[in-house]
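The data below hold one chain only, encoded as structure tokens and taken in the form predicted alone.
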Amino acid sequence: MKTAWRDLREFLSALEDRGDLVTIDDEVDWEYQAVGLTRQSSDVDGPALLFNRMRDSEFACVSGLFGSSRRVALALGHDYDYLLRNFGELEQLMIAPELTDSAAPCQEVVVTGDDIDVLSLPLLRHFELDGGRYLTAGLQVAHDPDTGVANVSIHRQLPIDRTHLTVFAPMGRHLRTIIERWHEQGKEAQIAVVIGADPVTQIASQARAPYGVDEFSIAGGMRGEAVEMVKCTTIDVNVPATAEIIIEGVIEIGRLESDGPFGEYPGTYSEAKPAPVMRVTAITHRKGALYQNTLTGTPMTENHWMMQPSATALAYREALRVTPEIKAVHVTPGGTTRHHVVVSMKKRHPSEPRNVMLALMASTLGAKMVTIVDEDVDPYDMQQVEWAVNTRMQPDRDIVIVSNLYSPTLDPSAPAARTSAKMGIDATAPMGEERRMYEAPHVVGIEKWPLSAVLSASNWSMPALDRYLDGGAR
């Protein structure tokens, strides 16, 4: 499958050819309507949406681009199940970005000075209690002041006025570290916001790479060729040359403004908190540029589909530090693809599951609950997981609760910011001969008598079962 998409437009064309993009030509309101339509499409595993006419804006808007796992899979050229199990390997295929001197599509139009107006973009109002209209799909690009290495991430942004936006990058996140390092040197941090990059670069921005690893290099490896970059027009930051829109600016020293509430990825509102402020120095874009919005909220949305493979890869790496006998890892949708991790493993020591759960609790993933099951349990089948919890676990013996751990997540139940109690469940069976009593009963020779052959010989078909379920055959 193709992975080196030239730009967002080529990917949209591929979606249109597959019937996975719907274009709406009627005018759509930025207040609730666009998000309402996106939410409904996401809930039924529907298509991405392209709104050609947005109220109060000359820009068209793409929304729900990754609102289905199949579009994440198409972008990266692998089945989604493959991505969940192998994303960590793809993160290692790095190809450094390449800087171009030629004219870049993202700079076909350059807006500076008094002409700058961030609200000329169709920023959407998402949810009832939100603090305002939000930019949600921007890739924030900033360079470490000492090494010059880029960091690429996605953080929500709230417009304050025509030339200022918040950057909701909490302490402990890589972008906030870069901002603080610039400010400690008495300099405003230079930052670019990339809207509408090629699809692989967008997904690669969610990689849980260590500080100092350039996510554009990860994107290059996943694409199979380097991301073409261009230097911004007013700041010393490099951005993807084929992106749709670039917002250039600096983070003002010592200025924090309230950001929030906002309906976030846990499916709840995050409260209003102080956030750094970006002063916009230029907006550049392609002719006929497409604005992009990303939906988050109650799982599953495109936010969750985008970060689930990278979160799974991080959890798998952390578990492997404890034992090589990890069989599979599932960062669950109900756990907002961050808060609940199910690990299937081959236990070599009775206490080994505790070591794995504690390692995951302490990781930067933000897991709030870790469930360990045996290798005979599929961690992606939550019925099997619940069966293991109910037949192989005793609460007073097999649950570990740790209070007051750092947790880089949004959780309305947390006792303090970025703090959480965490729980581990050892749902593994005892070792040795005693284990036999914990195994699912097995019918000897069942594979020799396939039911399908019997049903076929009797001319039985699924419609017969449908009639039974509908009450037609009782």
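None of these values were measured; they are calculated from a predicted model. One rule holds for the numbers: they count along the sequence shown, beginning at 1.
If you look for the form predicted in complex with a small molecule, you will not find it shown, but the lines that follow are about it.
Undergrad: Answer with one of W182, Y80, F168, Y269: the residue that has a non-hydrogen atom within 4.5 Å of the small molecule in the model of the complex.
TA: Of W182, Y80, F168, Y269, the residue with a heavy atom within 4.5 Å of the small molecule in the model of the complex is F168.
Undergrad: Considering non-hydrogen atoms and a 4.5 Å limit, which listed residue (R392, H143, R173, K347) is close to the small molecule in the model of the complex?
TA: Here the answer is residue option R173.
Undergrad: 233-241, 153-161, 119-127, 373-381: which one contacts the small molecule in the model of the complex at 4.5 Å, heavy atom to heavy atom?
TA: Checking each option against the 4.5 Å cut-off leaves 153-161.
Undergrad: Can you check whether T336 is within 4.5 Å of the small molecule in the model of the complex, heavy atom basis?
TA: So T336 does not count as contacting the small molecule.
Undergrad: State yes or no: in the model of the complex, is some non-hydrogen atom of T332 no more than 4.5 angstroms from a non-hydrogen atom of the small molecule?
TA: T332: no contact with the small molecule in the model of the complex.
Undergrad: Residue-level contact is defined here as any heavy atom of the residue lying within 4.5 Å of the small molecule in the model of the complex; does T312 satisfy this criterion?
TA: Close contact is absent here: in the model of the complex, T312 is far from the small molecule, nothing within 4.5 Å, heavy atoms only.
Undergrad: Tell me, yes or no, whether E248 is in contact with the small molecule in the model of the complex, where a contact means a heavy atom of each within 4.5 Å.
TA: It does not: once the small molecule is placed as it appears in the model of the complex, E248 has no heavy atom within 4.5 Å of it.
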